[in-house]
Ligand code: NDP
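As structure tokens, one chain now follows by itself in the form predicted on its own.
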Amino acid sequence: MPAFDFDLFVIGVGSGGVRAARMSAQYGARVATAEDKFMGGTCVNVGCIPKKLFVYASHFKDDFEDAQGYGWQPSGAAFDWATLVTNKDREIARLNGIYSGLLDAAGVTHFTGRARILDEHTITVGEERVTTEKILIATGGWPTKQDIPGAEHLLTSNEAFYLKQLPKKALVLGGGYIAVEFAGIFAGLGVDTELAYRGPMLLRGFDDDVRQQVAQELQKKGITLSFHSTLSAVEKRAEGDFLATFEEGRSVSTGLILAATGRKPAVADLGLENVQIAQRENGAIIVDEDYRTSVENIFALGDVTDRIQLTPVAIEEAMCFASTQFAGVRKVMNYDGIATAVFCQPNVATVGLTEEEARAQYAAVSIYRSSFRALKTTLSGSQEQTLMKLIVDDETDRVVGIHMVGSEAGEIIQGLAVAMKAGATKTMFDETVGIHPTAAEEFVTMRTKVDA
């Protein structure tokens, strides 16, 4: 008779939780999961997937305009927000079903409801109580709002996916990837959009050339950028719109205010206090390289640990966890060279070090950079610029940073991330024959170093 009802209980069925549950079950563990929000977590429901669908929708405006330069005549195309939301909801429901089916197929027992840790080996879900040898917390993150008068009128990315209608004007707060992406979505769908950020330049942490290029391209799309701008209060007016007041003294009237100013680990009401799990100031659960918390049999991975908040990272962490705990093969994740993308318009994609990071890490680096109008824009009349950048360690000739702003940047950088992971040198890039005519070939034809 087993000492516990389950070998593993996973709290949260986002990308990391589902993968950990599935793989652990396939390795022979008796696994249970619990979720009180939605199957598939943030990425599937209010994150990566619906956001990318909205980005596609918003880009058709540019596509229609570009088409005229290629001989296509405008035919009175009109956008209907309700159709987009309905079709998005249908796709998300389909994905929810797939995730549920994956757990069922793996033999995982699923509980619908809020799971709470009662003690090191006991979980409650509603009125049910079960025991487990190991617990994995994979509850992800949750968007935050500023603590200001009128904060109840602010929306977050969660609610933005379910708006009943689009406003004529929108104010997006923040300078990170979520703020930049939603500003592009709103503007592309015909909304008069302002992006307000308290800092001096958006996308902090990205390469400076990338940041400057994105800011220029957003302005070309008609987005108003307001830097050194901090919201101090929001008031709902009788007309139905909102008055946003900023610390610098200005006020903005708008139909919607989206707070994209950060996310925090979703750790509330999990019963962590019952087992004294060590956490950082923002609530993030502290783990070692095997995802073990300060409690021997309790683990955590993904955004709830607030390290690298990317869906593929959570999935790979889950693979390492399951292999180590239930397959008898210890796997430790390598966090170097993780590629990422920002689905603004044009897209951003990057892997490796920024120029600033590389100069701090290596004795000497060489920079190769190219900015150009892609072939497609020559007939469309678009003034959109593509930026490509390589950063090379002079001592080893290894490419240590690759950055791009341009159409399909994520698709291009994904392949180059493999090359960089394999230790590709600038000489290897130079010896690679490009595919012509493509934008991507620019990465293997850049020969001239640029001044610092």
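Worth saying up front: this structure is predicted, and the values here are computed from it rather than measured. From 1 onward, residues are counted along the sequence shown.
There is also a form predicted together with this ligand; it is not shown, and the following applies to it.
- Contact check for 260, 263 and 310: all three have a heavy atom within 4.5 Å of this ligand in the model of the complex.
- Contact annotation: of the candidates 135, 341, 365, 223, the single residue with a non-hydrogen atom within 4.5 angstroms of this ligand in the model of the complex is 341.
- Proximity to this ligand in the model of the complex, defined as a heavy atom within 4.5 Å, singles out one entry of 176, 150, 255, 271, which is 176.
- The partner is not drawn, yet in the model of the complex one stretch among 88-96, 191-199, 124-132, 373-381 has residues with heavy atoms inside 4.5 Å of this ligand: 191-199.
- In the model of the complex, no heavy atom of residue 245 sits within 4.5 Å of this ligand.
- The shortest heavy atom separation between residue 426 and this ligand in the model of the complex exceeds 4.5 Å.
- Using a 4.5 angstroms threshold between heavy atoms, residue 146 counts as touching this ligand in the model of the complex.
- Put simply, residue 389 is far from this ligand in the model of the complex: not one heavy atom of it is within 4.5 Å.
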